[in-house]
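Given as structure tokens, the chain that follows is alone and in the form predicted on its own.
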Amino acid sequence: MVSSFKKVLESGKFVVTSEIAPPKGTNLDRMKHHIELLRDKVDALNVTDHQSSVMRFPSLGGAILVKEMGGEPILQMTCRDRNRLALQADLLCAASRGVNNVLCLTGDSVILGDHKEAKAVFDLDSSQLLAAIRRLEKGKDLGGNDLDGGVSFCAGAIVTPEANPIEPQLIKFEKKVEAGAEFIQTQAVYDLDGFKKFMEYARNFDVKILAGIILLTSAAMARFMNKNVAGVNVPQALIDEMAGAPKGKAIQKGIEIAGRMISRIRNERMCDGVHIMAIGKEELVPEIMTAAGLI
């Protein structure tokens, strides 16, 4: 069964995805509100998987909830927390519940999270997980055993276009495409001229590219990301623009900047779509889309 998201990717339209973060607990009300708000506005919703190594409600449970509420889920799956047995089992469960899109991630270090004593697994990396998915689709598990019932996934991975040096990222990018990635979701991009240079390289490969757009909420946030988030580079001009926003209007300035960037990406046909990340402020995604002229 071909997923709705895969059909959209293949249609040639400008694809828009976003993401929602599961709660730290079992109260799903806020998550349900975000699903209701976004399910008819974006082409698919990513459900994060213990983002930044912080323990939360599972991505698989969240993806199933998106599906049950009429949305198109993308299951995020990190290799940090599960070995190949658990990864394959979760994929079988996802397929059985109609969750047919997967974003394969190696995963952040546990040192960044709230369970620093946890033991990371990393039995597979993201490229190996992609290869495992393609093997499952052929009816075999990683142990060479036959499956009773098949699976079909639209599988993707990530790349960091603003990494410095960029060469290791390009090697990983090619490896992920060779392993079967159908779409690549980028980490946050802010330097669009630099992103265009990356896209000149990426267009040599048969894979769809979604540019990651993270909403800036303050100049301090931008400076923090520059200092602490590998592969993110917010230009000084954008930091100055955020700093110059009137008191109480920084978020509106961030929405304006995000909308402007998305509009340029779309109008200049830089890539195949965008992935909007309004971390902790998912309710602002429609405003970003409006600022971009998407709705």
Partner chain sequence: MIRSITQQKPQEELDQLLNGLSRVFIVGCGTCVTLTCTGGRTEVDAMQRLLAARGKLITGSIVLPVACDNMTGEALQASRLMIGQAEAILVMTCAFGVQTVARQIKKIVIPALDTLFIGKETGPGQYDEVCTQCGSCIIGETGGICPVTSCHKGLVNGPCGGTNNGKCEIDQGKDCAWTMIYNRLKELNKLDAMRRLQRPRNHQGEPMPGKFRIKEAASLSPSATV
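Numbering follows the first chain given and starts at 1. Quick caveat: nothing in here was measured; it's all calculated off a predicted structure.
Absent from the display: the form predicted together with the partner chain. The rest refers to it.
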The partner chain in the model of the complex: contacting segment from 206-214, 106-114, 189-197, 90-98, heavy atom within 4.5 Å: 106-114
Non-hydrogen atom contact residue 54 with the partner chain in the model of the complex at 4.5 angstroms: no
Residue 231, heavy atom within 4.5 angstroms of the partner chain in the model of the complex: yes
Residue 165 within 4.5 Å of the partner chain in the model of the complex, heavy atoms: yes
Residue 127: touches the partner chain in the model of the complex, heavy atom cutoff 4.5 angstroms: yes
Residue (of 182, 72, 123, 81) lying close to the partner chain in the model of the complex, criterion heavy atoms within 4.5 Å: 123
Of 85, 171, 147, 220, the one that lies within 4.5 Å of the partner chain in the model of the complex (heavy atoms): 171
